[in-house]
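First comes one chain, alone, set out as C-alpha cells in the form predicted on its own.
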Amino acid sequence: MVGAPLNKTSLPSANGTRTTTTLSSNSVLALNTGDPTVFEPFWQKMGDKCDVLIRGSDLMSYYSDKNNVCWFLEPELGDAIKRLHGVVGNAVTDDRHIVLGTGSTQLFQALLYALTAPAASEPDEPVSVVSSAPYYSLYPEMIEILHSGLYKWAGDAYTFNEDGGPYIEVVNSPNNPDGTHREAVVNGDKGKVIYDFAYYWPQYTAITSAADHDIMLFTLSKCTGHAGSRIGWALVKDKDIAEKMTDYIAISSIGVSKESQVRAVKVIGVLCDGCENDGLVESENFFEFSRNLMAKRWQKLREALKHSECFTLSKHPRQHCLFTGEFTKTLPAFAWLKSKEGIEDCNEFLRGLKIAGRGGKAFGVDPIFARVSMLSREDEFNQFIERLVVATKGISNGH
C-alpha cells in the first residue's frame, strides 16, 4: 500500500532557525489553541528590519523609569504602544496609565487582584467574575486556579443574579470564540468592567471607533503574531488600579523581560512605518497583508462548508472600518462551528477527522459547538480544509 502524501512543516531549532519536519494526512491537526503562526510569512519578508542588537551590558537593571507608575515599562515601548493605537485608531491612550505584563494573561490576574484587594481585612465573600457566553474558555481556569478568597468565577453574565453587590464583568470584543462584538450586559451600580481587546485589530475586524473605557487589555500575540515574546499591556484610567496591578506583577515576576520589550519596540515600529508610508508596496503593510491572508482563509472555509451536511458557520455583518476607510467583513481568528442535526458533539466529530478543536462546553455553551483556530501555518490549514471536504463528501455518499 502506498503511504499517505507528506506535507512539510517546520519547528524551531536550538539556534532560532526552523528545521523541516513532515505532516502526514494521519497527523492530528492541533487547532485547539490560537498560536498565531499564520503571520510568519510577513515577518520573514521583512528580513533584518526587525533585528535588534543587545549587548551583554545592556538592560541589566530591574528598573526602567522609577518615576512611572509601571516602573519596569521601557519608555520606548510606552511610546511605541501609543503610536500603534494612534495609527490603528482602536483605542484612546490619552490620560491612561500603561501597565505592562507578561502577556495579557498576567495582566488579567493583576486586574483581578487590583479590583478586589481590600484596604484592610478580608472581604466577607469573594467578588463574582462573569462573562457572557460563549466566553473565552480560559477565563474560568485563570480565575479558579489560585482558589482565591478575593474573587470567584460566577459563569455566564446573561444569567448572573446581580443583587446590588460588587462584581466584575469581562467583555471580550471581538469575542473569542465566535468573533462577535460585545458590550457589558450586567450594568450594576457596583460592577467593574474589564474590556479584553485582544482581537480588536484590522486583520480580524472593522475598527469602528477608538475604544474609550476605564480598563482595556491588549496583547502583542494577536496584534503582530509574536506570541513567544509574551508582551501584553493594559490601558488604565485609575492610578490606584494601575499601581495595584504593578504591585502584583512586581511580586509575581519582578517586571517584564526587557529583551522582549526591546523586540516589541522594533516590531511595532516596523509595523507602524509600513502603515504610515503610502509609498510602500502592499506587502509591507502588515495589516493589509494579514487581512488579505485571513480573507483568503475564510473564503476557503466557507466554500468547503457551502454544501456541508456536518457544520454551519455564523455570518457577520459588514461594518465601516476607520482604519481602511471601507466596509469590511469580520474575519475572526477562530472558526466557531455548529454541528448539524445528527451530530451531538461537534468536537468529538472533529476528533474523528483528527482535528483537535475545543468543544462548546469549555465556552459555557452546548457541545454542538466547537472552536477551531484559523491562525495555523499554511500546510496545517490546507489539511484542515481537505479533511472537512472529505467528511462532507463521505456523509453525502452515505458513509
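None of these values were measured; they are calculated from a predicted model. So that there is no doubt, residue numbering starts at 1 and follows the sequence shown.
Form predicted together with a small molecule: not shown, discussed below.
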{"query": "Position in contact with the small molecule when the complex is considered in the predicted bound form, options 168, 198, 267, 84, heavy atoms within 4.5 Å", "finding": "198"}
{"query": "Contact assignment for the small molecule in the predicted bound form, among 128, 132, 290, 221, heavy atom within 4.5 Å", "finding": "221"}
{"query": "Partner proximity in the predicted bound form: residue 139 to the small molecule, non-hydrogen atom cutoff 4.5 Å", "finding": "yes"}
{"query": "Non-hydrogen atom contact residue 261 with the small molecule in the predicted bound form at 4.5 angstroms", "finding": "no"}
{"query": "4.5 angstroms heavy atom contact with the small molecule in the predicted bound form for residue 230", "finding": "yes"}
{"query": "Contact flag, residue 176 vs the small molecule in the predicted bound form, heavy atom cut 4.5 Å", "finding": "yes"}
{"query": "Heavy atom contact within 4.5 Å of the small molecule in the predicted bound form, the stretch among 319 to 327, 234 to 242, 151 to 159, 97 to 105", "finding": "97 to 105"}
